[in-house]
Structures are given as structure tokens and as C-alpha cells.
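Only one chain is given next, in C-alpha cells, and it is the form predicted on its own.
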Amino acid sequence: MSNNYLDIIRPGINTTFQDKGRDHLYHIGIPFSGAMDNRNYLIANKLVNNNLDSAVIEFAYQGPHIKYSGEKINFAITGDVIFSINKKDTEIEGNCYESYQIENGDEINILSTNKSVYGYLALGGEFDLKFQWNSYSINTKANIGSNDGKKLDVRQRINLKKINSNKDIKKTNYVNTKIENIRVIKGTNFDYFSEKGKKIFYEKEFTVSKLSDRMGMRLEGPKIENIVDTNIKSEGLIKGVIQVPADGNPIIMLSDHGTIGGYPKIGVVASVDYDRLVQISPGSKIKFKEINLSDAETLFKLYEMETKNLLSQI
């Protein structure tokens, strides 16, 4: 049994282990999964001197309250998150994008995200987790991944099998930026929709529904009219594709999406905007903006370059 472990006092909301996700399994119905906000995931690992593909704890809205037992270890939290560190009856207000050192008996209490959805907790070491299909990522809808494919639970104990020897304290001044205009390219069924429906899609605001989760973001707003068929023969889906069912309200497929679907696809979110898209909280307004495939590819290359430069400076 490990001498270094976490005890879950409060699990929080939809708290799971995530990493870079799993590739090449769509043909057997297994989606990519992985961290919803990839940049914040990478920064969390970098701040604690982990390999960039290490597993972290992802949480939504409210995070876990955990008690740590063992030798000294670093941790960092990324996102727009309110949290505190309890050390021997002393409560310290924590800052995101800064590593801290905790020791035996200390507690981390992640109270909430701030007008966003997802946050990330990385510890400087390796969790003792089951590796399934080349990933630790959890998909709770299919019970796939580490922790038996389930969310973290109260009174659960999580062991660490390794603690990093490098315990340097790191900090970065990264700022999460908000986004309202989501850039999209045309979907394969774009011509299924009326000219009025297309105009609504690009010009009107939509509200993020409370029914959104890791599988998909449901939107509410003016109805997008279909003039061909509200159902198609089921075909493959990808992360970021926007389906429009018969009720005319778009659904954006997210990281745990089903791998096939039978609703017409009006567009696909440009990958450059995905990290910020998933952080838009229910009740917020968004709009779509059309770009072409070439521009989407260029923007994503710039995003990857910016991320690489950001990590190199930590």
C-alpha cells in the first residue's frame, strides 16, 4: 500500500481523472475523451514538473475537498478557480497558475470555478491508476477508464505511486480569455437548412443550456429550420460538430460525444476555439462566425505554437 495518498472529503461536481485522451477507437464506439480544456490541462502538469501527458483531476463548477497524507509534494490548480489550502489550522487563499507544496495532513478545498466550467488539479507525481486503451481518461457514460470509469466519490482514497524529486515552485501569469463569437466551418449537411435558418445560425445569439455536460453543449434560441430531413442515416461524428435535431436547437458535440449520430450537421467548431468554448457556463450567450477550412487550420497552428511557447516559459 502506498504511503502517499489523497482522501476525498467532498468529491465536488463531475470530478474525474483526465489526460490527453485516447486515439483511434472511434470505429468501436469509443470517443476521444481527455481534458476538456487542453491548454489548462497542459499548464497544470507543467507547473508541477510532470510529463505533459500525465493524469490530472478535472472538476466542473465545484471541485473536491481533499486531505493529503504522505511526504511533501507540489500541486497546482489551473482555470478560473477559487480554492484554499488548510495547513495545521491555518487557511491560505490559493492562486491559480502557481504551484504550492503540501505535506502530511494538509487539505486542499476547491470551492468553485468563477463564471466558467472546468478546472484542473495536478499533483507532482503519478497517481496509481488503471491504464485503459492508452489513457487514464474517464468516460462516466460508458464506465471507461481509470477509477472503474466513475466519478470520484466521498471517502474514496487515491494512492500515488510516485512523487517527483523536482519540487521547484513555479508560477505563470496566464489569463483565461472569454469568447462569445465561436468560429465554425460549414458542416456536411449545411444545405439541409433554409436560407433563413442559415442566417439565424450566423447572426442570432444562442443561450447555453443547463443540460450541457462533457458529452455535448445544448443551445437554446431561435429555431434553425430544416427544409430537407430532420433525420439522416447515422454516420460518424467528431468533437466540435454541431447537430440540429428536429426541435431546431443546436447541440455541439464535446469530448465524450457519441461516435455516430443521425441529426443533420450544420457546422463544426474550429479547434482553435474549443478550449474556450467548453468554459462557457450555462446561461451565457454565444454567437457563431463562419470561417473557411484553410483559416481554421492556420489559426489552430498558431494556437499550438502559442501554447508551446507558453509552456516553455514556465
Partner chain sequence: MIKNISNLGDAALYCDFGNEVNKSINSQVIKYFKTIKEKKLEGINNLTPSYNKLIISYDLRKTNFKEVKKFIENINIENSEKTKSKKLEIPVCCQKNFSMDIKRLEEILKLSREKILKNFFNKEYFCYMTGFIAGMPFLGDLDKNMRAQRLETPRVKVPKGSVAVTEQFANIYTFESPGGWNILGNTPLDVFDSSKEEKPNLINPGDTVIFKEITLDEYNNFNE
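Positions refer to the first chain, counted from 1. The model shown is predicted, which means the values in this text are computed figures rather than measured ones.
Note that the form predicted in complex with its partner chain isn't included here; everything after this is about it.
- Contact with its partner chain, judged by heavy atoms within 4.5 Å in the predicted bound form, is confined among 27-35, 281-289, 65-73, 49-57 to 27-35.
- In the predicted bound form, at least one heavy atom of Ala270 sits within 4.5 Å of a heavy atom of its partner chain.
- Interface residue remark: Glu103 is not counted as part of the site for its partner chain in the predicted bound form, having no heavy atom within 4.5 Å.
- Looking at Leu293, you'd find a heavy atom of it within 4.5 angstroms of its partner chain in the predicted bound form.
- Within 4.5 Å of some heavy atom of its partner chain in the predicted bound form lies at least one heavy atom of Ile144.
- Though its partner chain is absent from this view, in the predicted bound form it lies within 4.5 Å of a heavy atom of just one residue from Gln132, Asn164, Asn226, Ser112, which is Gln132.
- In summary, among the residues Ser234, Ser194, Asn95, Asn181, the only one with a non-hydrogen atom within 4.5 Å of its partner chain in the predicted bound form is Ser234.
- Taking its partner chain as positioned in the predicted bound form, the residues of 249-264 that bring a heavy atom within 4.5 Å of it are, in sequence order, Gly258, Thr259, Ile260.
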